[in-house]
Each structure stands twice: as structure tokens, then as C-alpha cells.
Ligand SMILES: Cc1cc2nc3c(=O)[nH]c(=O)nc-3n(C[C@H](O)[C@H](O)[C@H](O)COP(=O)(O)OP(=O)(O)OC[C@H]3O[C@@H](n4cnc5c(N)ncnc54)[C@H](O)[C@@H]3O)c2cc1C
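Encoded as C-alpha cells, the following chain is the form predicted alone, with no partner shown.
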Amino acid sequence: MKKQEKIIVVGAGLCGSLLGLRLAQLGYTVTMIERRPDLRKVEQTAGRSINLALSNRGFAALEIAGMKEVALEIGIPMYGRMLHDPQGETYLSPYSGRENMSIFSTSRTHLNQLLLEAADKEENTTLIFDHTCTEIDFDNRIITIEDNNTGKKETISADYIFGTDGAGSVIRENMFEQGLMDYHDFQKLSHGYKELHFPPLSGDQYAIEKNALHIWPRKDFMLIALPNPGGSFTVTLFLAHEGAVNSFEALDGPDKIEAFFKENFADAFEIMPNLQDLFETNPTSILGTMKCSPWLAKDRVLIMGDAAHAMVPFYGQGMNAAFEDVLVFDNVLVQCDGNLEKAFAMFEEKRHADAASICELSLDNFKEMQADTADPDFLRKRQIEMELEGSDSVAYYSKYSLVTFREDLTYSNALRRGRAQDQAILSLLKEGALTEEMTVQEKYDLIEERTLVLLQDLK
């Protein structure tokens, strides 16, 4: 049923394109504004995107818009982390002890193209590309957009406005500058990233295991690689921006770059014939966490996705969290009987704590992926968790599984229980209370008892 309200969505990336599609499906008249050219019509260049890991929360949001199966078709399942030590030895750490549990390596651009195509098919959507939002009148819900090619400006009005324009959100910055935001903080990580590449072998064969997320953890830095269709891998180096050694600043010449990779990632270096060209051509990008409040201005302008809660990428939940924002808003709209103003007011109340929780978890996982994945205590903890998850006699989910595979749990609850379980297992291992001779049920009962005590302390 067509509705009277007109909606503007500023930013037609992943979050904005799914949101615009869903709102159009619900009958609203939607105008989507995107500063970039139409992704369906321009050739994409590498260098600024980390491959995305699509998991249960993201799929749940895609499903309400009829896009889950489409997304599954373009993804490559990854069943665990393939850890590469300095000697080139590898060890697969499964994401779950349950069979066939995986996350999906997904092309950001391809998925965005599919969502835009679906939105464009809705008769009540208008898509405007290559236009930058420069100003917003919050009282009257009018935005000014500028044609990136001609410089011509025009204004568009609506009943409601969504800002889904990413970590550098113009809508958010205007809220802050106009005194409509109480708290605004971007915490830049000391590390940045650079995108690299493993090409396919002859016949589009993969040079390393296809169905895994590959990690070279080196305590202060790391390399990761995610598979693409056609045999290639998108590779990302995470490294400190500054420092005399082991930093982007220190890698200031071809010889230093080659020596660094040979010393730390020898097996990866062997399958990167274009390392020097990619290192010079692709930019070094920053990472950080955006925290701000409120997300709502003048009752009818709302930010979501990275515009509201950008996070570091180390839990693979940035896209999933943004998609889940759309799902949460959809649910809130139902609770409000379709009243958009009430839904706008309720959304942040429902979502803010969960967004803060996944931002925290992402920072936690940065440390884990860098160093803990090679730590004996961490590996022993994971072995126990895999044993518990693989058993039919107990219902155990590790912190990673709670976040990634339990879309029925909020991020806040996953954080609390996951941290308590981690503390419980590590403390029991330190005490020597968990032994090989114990049955799965005995281990589970002991861990659950300690977890429940810790959860009481976390209240």
C-alpha cells in the first residue's frame, strides 16, 4: 500500500541501499542520494575496502527484503581462521564446533550493486548519484545537494530523513555543528590498513585454502586474506601508522617493504608478485570507532549504520551491524503501528547499547587476532569450546558464536555472556580445574557454574 510520507535516504552504500529498498517495499516514496557514481555503471578500483564477512545478523536483515538468497549466491563460505606462523606452518581454528557453521566472504561492491538494482525496480524510488549533500535544514527537513560534475545545487524536501552516509557522515557532522548532538567522539586506532592482493593460479585455482579467513598474527601487526570468486584473495595489512620499525612510516622504500614481508610473511610474499606496485598505489587508510549521541535530530532526522556507530573491522560485524539496524528499525516500525515519528524516537533507545557493545567487541578482537590466536592458553580455550559446541549433550556457544551465529541475541547480551565465559574458562585452566579426563558434561557444568557467578558480578 502506498503511503503519504516522503523519505530521503542520504547515502546509498550497503546500509542505505538496504534501508531504501525496505522502505520502498513498505510503500513509502523514497529518494536515495549517493555522492559516488552509480556502482552499477563504473569500473571499481581496489584500495579502500576491506572484504566483508557476511554472517547471520546480516542475512536476517537481508531476508526481510527478499535479498538473502541473492547474497548467499555471491558469497564464499569460510569455516574458520587459518593461522599462519612465522615458519609458514598453518593451523585451522574453526569458527564453531558445530558442523557447517560459516561466515561468507562477500564483495562489498557486488552486494551494493545488487541492492541498488533491487531498489531501482521499486516504482516509488528515485536514485540520484554523483551528488553530494552539502547542507541540511533540520527544522524543515530540506537538504541541499550539489552535482559533483557541474557544481549545480538544488534542494529536496521530505517528511523524514535518514543519514546512512558512512563514517564521514555529512548528516552527523551537521547535527554536531548545529548543536543537535550532545556527544561526538572519533577514536582513531594507532593502526591503519593497506589493501593488497593474491592473484589466482592458472585455471583460477586458489594459491591457499579457499574456505578460510587467513591470518598471519604477529602481535603488533597482522596480515589477513579473504577469498574472492575466480581464485584471488583480497589481502589487508594492518600496521601502526608511525614508528621506527614495524610501521607504515618505516616502510619507506622497496627494499624495506620486501625485507619486512620476507621476514614476517614469507609464505604470503611468495604469492604476491605485484606487492611493490600495490603497496605504492593503494592508499594507507585509517581505522577508528565513532561514538555519538543522540542519533535523532528534530524528531524526524535519524542516522544509522556507520554514520552512527562506525567500528574497527576486527569482528567482521560492521556491515552486519548496519544491516541489523535496518532490521531493528523495521521491527520498531511494526511495534509503532507504522507511525514513523514514534519509530524514530524508539530506534536509538532499542539500539544504542547494542551498537556500543559491538564496537567494544571489535576492539577486543583486534588484540585477539593480532596476538591471542597464537597464545597457548587461547588455543586451549578454543579447543575446549570446540569440544563443547560439537557435542549434542550440551548447548554451549562461544563468545564468537554468540556474536556471529546467534542473531536472536542482542550484541549487549552476547558481550556479557561471552566475556563471562572467556573469564570462566581461562581462570579454570589456570587453576588446573579443567582436565582431559573430564567428560563434556562435567566441563560444561563447571564452566557454566563459574560463568553464572561472573555474570552476577557484571550486573
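Please read these numbers as outputs of a predicted model, since none were measured by experiment. When you see a residue number, it is the position in the sequence shown, counting from 1.
Separately, the form predicted together with the ligand exists; it is not shown, and the next lines address it.
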{"query": "4.5 angstroms heavy atom contact with the ligand in the predicted bound form for L23", "finding": "no"}
{"query": "Contact flag, Q113 vs the ligand in the predicted bound form, heavy atom cut 4.5 Å", "finding": "no"}
{"query": "Partner contact for F198 in the predicted bound form: the ligand, 4.5 angstroms, heavy atom", "finding": "no"}
{"query": "In the predicted bound form, L52 touching the ligand (heavy atom, 4.5 Å)", "finding": "yes"}
{"query": "Segment that reaches the ligand in the predicted bound form - one of 126-134, 92-100, 264-272, 69-77, heavy atoms within 4.5 Å", "finding": "126-134"}
{"query": "Residues in 150-174 with any heavy atom within 4.5 Å of the ligand in the predicted bound form", "finding": "T164, D165, G166, V170"}
